[in-house]
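Only one chain is given next, in structure tokens, and it is the form predicted alone.
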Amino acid sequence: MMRGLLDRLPWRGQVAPDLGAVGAQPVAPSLLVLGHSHMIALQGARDLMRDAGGVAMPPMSFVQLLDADISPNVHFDGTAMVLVPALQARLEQEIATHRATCVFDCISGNEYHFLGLVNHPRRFDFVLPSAPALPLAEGAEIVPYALVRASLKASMEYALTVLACLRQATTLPVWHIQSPPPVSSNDEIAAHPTQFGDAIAAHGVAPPAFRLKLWRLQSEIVREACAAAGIHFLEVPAAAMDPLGFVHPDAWHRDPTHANYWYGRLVLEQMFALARDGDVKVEAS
């Protein structure tokens, strides 16, 4: 199911924005990006920026973690969970070949959609402690926050394991790229349901505030895991969100769970700024 997403990342039926307006910048350290489906927005934006010309970008290389020869990405080697040998070898090869000085990752990030994009047959809601003012869905059963957190974190176990194993697999700085916020419009999601079509037809799209809570909760869980592992956390660009914290409408792209290349460009600009400002560097051993 996830592999098919790689072939469906069009613009929203609109002319692509001018990607040549980033401005000249000095050659920066080489960046290696590993990820699942959310990485495609970055890769597509990089290609458009490169083709437009006139933009000085740091060298970049990409590793798609859904590729059959390296997926699943981790295994138990008898003593601990580690990257599968093929991925470990690929990581080392990419670093050596491209002289990478920093690793960025777009590992997973869609778990909250699978839990709450569509109304549950037994509708529920919860109070998020970090945003208690977010409204509760009318008529939904209110369940304990701890229960929702435990359920979401359990669904993220694979992603968190890959993240931890990546940190252990290299001495380079690692930055985790926060996944895009949810789309605010239920009508937009229903019009482009992709793999959620049958479920949406049966139960409808969950309320926007409920989906926003789940995204925020997922981000809190990932942020905690990054802090524990020594991984930097790169937040969603402010310009990529609307005033309520949903993904900006300009980032929608006929898919309820991913952002488009316009969004990808904003994230790349963050990454380039880190490199330009010297925050992306090899740490002392």
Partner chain sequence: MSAHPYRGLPDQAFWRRSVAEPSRGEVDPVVSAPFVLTPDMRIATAGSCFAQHIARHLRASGFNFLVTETAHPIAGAELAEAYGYGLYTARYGNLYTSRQLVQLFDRAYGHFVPETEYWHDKDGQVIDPFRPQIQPGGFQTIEELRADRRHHFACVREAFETLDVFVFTLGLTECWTARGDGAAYPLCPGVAGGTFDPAQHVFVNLRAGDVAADLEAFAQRLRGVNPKARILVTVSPVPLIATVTGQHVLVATTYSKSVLRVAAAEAEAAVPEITYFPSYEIITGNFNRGAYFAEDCRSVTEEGVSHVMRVFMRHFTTGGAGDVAPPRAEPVVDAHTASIKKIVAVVCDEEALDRGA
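Just so it is clear, the structure is predicted and the values come from calculations on it, not from any experiment. Positions refer to the first chain, counted from 1.
Another form exists, predicted in complex with the partner chain; not displayed. Remarks below refer to it.
Enquirer: Is there a heavy atom of Met81 no more than 4.5 Å from a heavy atom of the partner chain in the predicted bound form?
Expert: Taking the distances in the predicted bound form, the answer for Met81 is no, it never comes within 4.5 Å of the partner chain.
Enquirer: Just checking whether Ile107 would be counted as a contact of the partner chain in the predicted bound form - the rule being heavy atoms within 4.5 angstroms.
Expert: Ile107 lies outside the contact set for the partner chain.
Enquirer: With a cut-off of 4.5 Å between heavy atoms, is Ser219 one of the residues that contacts the partner chain in the predicted bound form?
Expert: Contact check for Ser219: no, nothing within 4.5 Å of the partner chain in the predicted bound form.
Enquirer: Is it the case that His248, even though its partner is missing from this view, gets within 4.5 Å of the partner chain in the predicted bound form, heavy atoms only?
Expert: No, His248 sits far enough from the partner chain in the predicted bound form that none of its heavy atoms falls within 4.5 Å.
Enquirer: Using heavy atoms only and a 4.5 Å cut-off, determine which of Thr170, Ser184, Gln178, Asn119 is in contact with the partner chain in the predicted bound form.
Expert: Selected residue: Asn119.
Enquirer: Pick from Ala159, Leu212, Cys165, Leu115: which residue has any heavy atom within 4.5 angstroms of the partner chain in the predicted bound form?
Expert: Only one listed residue qualifies here, and that residue is Leu115.
Enquirer: So which stretch, 90-98, 120-128, 170-178, 72-80, is the one near the partner chain in the predicted bound form (non-hydrogen atoms, 4.5 Å)?
Expert: Partner-contacting stretch among the options: 120-128.
Enquirer: For the stretch 173-196, I need every residue with any heavy atom inside 4.5 Å of the partner chain in the predicted bound form, listed N to C.
Expert: Those in contact are Thr194, Gln195, Phe196.
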